[in-house]
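One chain follows as structure tokens, the form predicted on its own.
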């Protein structure tokens, strides 16, 4: 690859690559506002100025150049820290702050604002402005984001996002010079399903999320890498929490899955966590028709005794799981049925789904498949068909014991009624639902932000979910519940972590062959085949 030199450091680049992009790939950040790798280059902010002392032909550039719009060239020599560049950046910062209000104490962007950061690092701290700042009136642009035009520095990222990424063209730049402003067209609210990304790419507090407005200071939030489980795309996210409460989900870059983006439905799914109103938090068993709280050991001992009394044959035991269970949980559920009951009757809802495709790749993030691990269930060999014929056939025979993981088939009253005839129903999950009304035993699990696990997305990419918040005291991750159940039944299941379970999957399943938790990494790993 050809090479140029930035502050005497050699940097390789692809032909046609811009200086700022090559530097970023090499781990060197050049300050910028308007540049974004997904958007067209406009070079409006001028913050990425560099001094090219040798264009690669022995001649210097006649003036400071914007690194976002200048192609790298073989042998080019660039300085980004000399006196000329420092003075240029100071002038740019002074210009950008001419009209920007100093309302950092009440701005949601405070703490993650590049204008703050660059003002401190590159600004002069002085201004020659002697007149009142430009002031715009309030504008409501929709239900998901807010617009505070006084803070805009005219980077035009928002405009380019709706033109080039979503293709909705509902946002634009209006007027010229001192009166230049951003707004929606014809005063209409935005309707695209990716509005939150505009708040992400806005470098100042001009566009912010309504959901997060005035709720928490950004520097108080602790971030954990995870994935969104709202659908089978599995967008990479950070779960951001404080004092064990989730405040928001933000997209995390993964070029193989969601690039830099995520849909608004995925963002607001953070609301599902931390609500204990419909959640059961202790093991319970049904005594004379009523659910009674018990300890884990009491529940397991009672289960062991009851299963021994029923003495079912393999055809009399079934298990149902939804597609929100992790690979580890599905593996252990299948292992329990096989090792303890010699049964392979474990079913999941296999539904038809479609993928909307357009000229804009961001639309592929939204799919009709709202289950995060359908592909994992298929790869692990669970049973399923689109009309649930196999399950209904199995339930037409005598069923003594049923294990329910999550909330599967909750929309099918026929399945609910058939399974209600079982003599023992064991429910493993987090919330009360149709199944908990019929279950004899309730075992409290944990949500996906409270436990560690892996999920397989629609493109057969295995991705990790990590612990972001502490789970309620009496709950356990489902993989641990299933491990302890197997052990109480006298079978071998020596798993002390979810990682150990995943490595067992990698050692025994051809689709996951050779995979380990560490090899999956933060960006995921593809199945060998499915």
Partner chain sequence: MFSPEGQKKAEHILSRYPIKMNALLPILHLAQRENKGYLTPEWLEHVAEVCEVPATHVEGVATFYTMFKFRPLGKYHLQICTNIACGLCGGEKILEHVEQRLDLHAGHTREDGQFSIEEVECLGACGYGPVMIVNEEYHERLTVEATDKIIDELEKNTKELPEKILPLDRPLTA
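Residue numbers count along the first chain shown, from 1. Keep in mind that what you see is a predicted model, and the values were worked out from it rather than measured.
This next part talks about the form predicted in complex with its partner chain, which is not shown.
Problem set entry | Residue contact check: residue 255 to its partner chain in the model of the complex, 4.5 Å heavy atom | Although its partner chain is absent here, residue 255 would stay clear of it in the model of the complex, with no heavy atoms inside 4.5 Å.
Exercise. Residue 243 near its partner chain in the model of the complex, any heavy atom under 4.5 Å?
Worked result: The answer is no: residue 243 has no heavy atom within 4.5 Å of its partner chain.
Exercise. Is residue 101 a contact residue for its partner chain in the model of the complex, using a 4.5 Å heavy atom cut-off?
Worked result: Flag for residue 101 set to no.
For this session: Evaluate residue 274 for contact with its partner chain in the model of the complex, applying a 4.5 angstroms cut-off between non-hydrogen atoms, and reply yes or no.
Result: Result no; residue 274 lies far from its partner chain in the model of the complex.
Exercise. In the model of the complex, which of the listed residues (138, 185, 219, 214) lies with a heavy atom within 4.5 Å of its partner chain?
Worked result: Filtering the options by heavy-atom distance leaves 185.
For this session: Using heavy atoms only and a 4.5 Å cut-off, determine which of 427, 171, 331, 249 is in contact with its partner chain in the model of the complex.
Result: When its partner chain is considered in the model of the complex, the option within 4.5 Å is 171.
Exercise. Of these, 173 to 181, 279 to 287, 350 to 358, 321 to 329, which stretch puts a heavy atom within 4.5 angstroms of its partner chain in the model of the complex?
Worked result: Every other range fails; the passing one is 173 to 181.
Exercise. Looking at its partner chain in the model of the complex, which residues in 390 to 428 have at least one heavy atom within 4.5 Å of it?
Worked result: Heavy-atom contacts to its partner chain in the model of the complex: nothing from 390 to 428.
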